[in-house]
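Let's start with one chain on its own, the form predicted on its own, as structure tokens.
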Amino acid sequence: MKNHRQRNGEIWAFENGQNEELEAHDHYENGEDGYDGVVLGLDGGTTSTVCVCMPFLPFSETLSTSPPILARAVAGCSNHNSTGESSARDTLEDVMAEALSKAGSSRSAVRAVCLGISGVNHPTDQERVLSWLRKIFPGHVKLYVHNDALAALASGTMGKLHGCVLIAGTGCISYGIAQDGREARASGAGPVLGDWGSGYGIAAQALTAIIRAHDGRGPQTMLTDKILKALDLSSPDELIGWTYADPSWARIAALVPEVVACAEASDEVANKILLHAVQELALSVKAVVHRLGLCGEDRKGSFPVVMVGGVLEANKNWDIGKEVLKCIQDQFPGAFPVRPQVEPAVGAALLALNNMKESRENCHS
């Protein structure tokens, strides 16, 4: 039995879970639209998913800090651990179809797809997503699936994989790659398993502090009035119902600005929460650097630390990212921060281009 779904004017057809190939002329071969096909790069997280469509660049071209973007599409959560496999798969299919539609292109023009998705933590996760992609795209399309940390790292190194990336948004993870290709990660296991430097971790501790202050187990804190006002609640007792009515990670992580505001107003409890987050985030980077030896034998070697995510944005007096970097440089003075000039979805597309270029060079060597 066939299941057809129309996505932005293009039929995506499935039969017993398998993709039904749709007849179409191959743009990537005949060079229509003025370029030799397209590449899709995708950054999928717990809060949102972004897909960009870029022209397939000749291997002779140097990747610039402002690569051409044909189209950009945004959707919701694509982390299967948060939203379930069916919903995650639909989100990925929809956002890719929308990006292609906006670019005036189609599946037949796609040369490569690179997905960086949170929740891809094991080869079985990677194979699951690859199986989804194989049902969508023709067999000639190069498919790459990674954790979203790789896309973030590539966004700071223009598709090259070396150094360390620290992501701190709704969730958090530190991921590194050495010159010899060895990889290591720390954190990124989700809030239940202790990503306390994440936006969720910061806000969850603030909510806990309010309850502790209310029942007499902890000190009074400015967080109580600040967060209750932000949520339009009248008492800490109502906070319990609010939290468990929809305990989504992103919904709770959205309270981080309130915690930062209280810390900037010298609230001791809020300050302790942020200082703990700083230590946790720095520790995750230090663990990766130590395991990969990115700093060299003398621990003074130079390496990039790509910093990504709303928690690390330098838009407050209480600058979490700046404090994290200080902690890292105390132990590894050669670490230098990199603020990406392109978004992670573009980093994923550039990573695909670099992978294809390296494969071509290896074949000809």
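All figures in this text were calculated on a predicted structure; none of them were measured in a lab. Position 1 is the first residue in the sequence shown; the rest follow in order.
Keep in mind that the form predicted together with another copy of the chain is missing from the display, and what follows is about it.
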{"query": "Stretch from 138-146, 239-247, 91-99, 158-166 whose residues place a heavy atom within 4.5 Å of another copy of the chain in the predicted complex", "finding": "239-247"}
{"query": "4.5 Å heavy atom contact with another copy of the chain in the predicted complex for all of Y200, D215 and A287", "finding": "yes"}
{"query": "Close approach of E258 to another copy of the chain in the predicted complex, 4.5 Å, heavy atom", "finding": "no"}
{"query": "Contact test in the predicted complex: V74 vs another copy of the chain, heavy atoms, 4.5 Å", "finding": "no"}
{"query": "L231: touches another copy of the chain in the predicted complex, heavy atom cutoff 4.5 angstroms", "finding": "no"}
{"query": "S187: touches another copy of the chain in the predicted complex, heavy atom cutoff 4.5 angstroms", "finding": "yes"}
{"query": "One residue of A254, V278, V269, L207 in contact with another copy of the chain, assessed in the predicted complex (non-hydrogen atom, 4.5 angstroms)", "finding": "L207"}
{"query": "Proximity to another copy of the chain in the predicted complex, single hit among P219, G194, G84, G293 (heavy atom within 4.5 Å)", "finding": "G194"}
